[in-house]
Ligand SMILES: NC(=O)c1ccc[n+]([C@@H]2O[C@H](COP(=O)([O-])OP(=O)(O)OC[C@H]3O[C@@H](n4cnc5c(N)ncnc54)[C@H](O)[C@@H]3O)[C@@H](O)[C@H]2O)c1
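Starting off, we have a lone chain in the form predicted on its own, written out as structure tokens.
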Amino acid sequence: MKNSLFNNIYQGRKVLVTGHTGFKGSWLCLMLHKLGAEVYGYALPPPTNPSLFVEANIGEIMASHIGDIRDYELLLKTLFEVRPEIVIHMAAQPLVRESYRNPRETFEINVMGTVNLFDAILQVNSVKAILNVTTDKCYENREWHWGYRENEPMGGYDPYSNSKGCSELVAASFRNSFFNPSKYGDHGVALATARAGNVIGGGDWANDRLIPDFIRSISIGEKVKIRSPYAIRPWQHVLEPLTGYLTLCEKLFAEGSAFAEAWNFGPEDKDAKNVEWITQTICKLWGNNAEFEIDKKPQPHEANYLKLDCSKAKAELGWVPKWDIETTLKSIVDWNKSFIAGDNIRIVTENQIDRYFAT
């Protein structure tokens, strides 16, 4: 992967990723390493077993600091040790259904964890660019048939979605109060937020997520059970928003205040499919008579329809989705079949990154 993709901005640059042991964090750290960055991480141990972080030996290519985002003193100590130039904040409790089971913990991690990080950054004078990664679910969902724009109101029905809306408000408050774009010449820090769609890809083993649940069931010959078959989501390969984040951080670092605001990174409208379509397509790609059935048990509330309008990112950042939903699903099936076959997962993952950027 050529560093020129991001104007060589990451070569030799200190980048701290919170949540680096998670699914998205592991992909991002591998991308940053390939771009020549000095990669540092702060997170709890990998949240699943197996995990992409372990299977691809991500810890070998970075400095991994294990800690809780709620532990302010340890977080502050880590920031002073690392003295990062770019911080990408992805540490979170990321699951809707888990947020129903543990609402207090979800708010502690997703809201106060964000407060802790921003407050700690105030104490360290090395950081020039901060990206707070939230979710498409942060919007007040009105079940519209068109995509939400960055200036739409925050909301969130369930504790996860609401906590991410709160995280957006925390970012706005810190930006206005301490990193105000109008005073960029004084503080030199640019803070932005990024909202992605339903991110999928190889190496995701989280519970209560459609693709991981499918892979778990199908790999042991069980029929897949799906919830909310007609719910439509903005599905996208993990490389799509991560490329958006890196593009945005490049702008934040190099040009600062002009890009210190909220940004959407979602798929094209045609790739917003319902759960049943996604499952049928994966069954065909997987083969071996893979089947699914609808889980009839009562389920907690989740949005039925959700899309993002990414016009701003396309026009101002030059970012556009590269892989359509069919390409995305095939890449996931290929990745998981390679994992089951015992292939070198670092190489498999790197090859998909290289193929994506060659598209």
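Computed from a prediction, not measured in an experiment: that's the story for all the values here. Don't overthink the numbering: it's just position in the shown sequence, from 1.
FYI, the form predicted together with this ligand isn't displayed, but the following is about it.
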* in the model of the complex, segment of 147-155, 67-75, 120-128, 183-191 with a heavy atom within 4.5 Å of this ligand -> 67-75
* **Candidate spot Ile9, Cys29 and Lys322, all three touching this ligand in the model of the complex (heavy atom, 4.5 Å)** => no
* Would Leu44 count as a contact of this ligand in the model of the complex, using a 4.5 angstroms cut-off between non-hydrogen atoms? -> yes
* Any non-hydrogen atom of Asn336 within 4.5 angstroms of this ligand in the model of the complex -> no
* Asked: Within a 4.5 Å heavy atom cut-off, is Thr21 in contact with this ligand in the model of the complex?
  -> yes
* Asked: Taking 4.5 angstroms as the cut-off for heavy atoms, does Thr243 touch this ligand in the model of the complex?
  -> no
* To do: Could you tell me which one of Asn116, Ser99, Asn198, Thr279 places a heavy atom within 4.5 Å of this ligand in the model of the complex?
  => Asn198
* Could you tell me which one of Ala262, Ile218, Ala272, Ile109 places a heavy atom within 4.5 Å of this ligand in the model of the complex? => Ile109
* Structure fact -> Contact check, 130-162 vs this ligand in the model of the complex, heavy atom within 4.5 Å, ordered by sequence, gives Val133, Thr134, Thr135, Tyr160
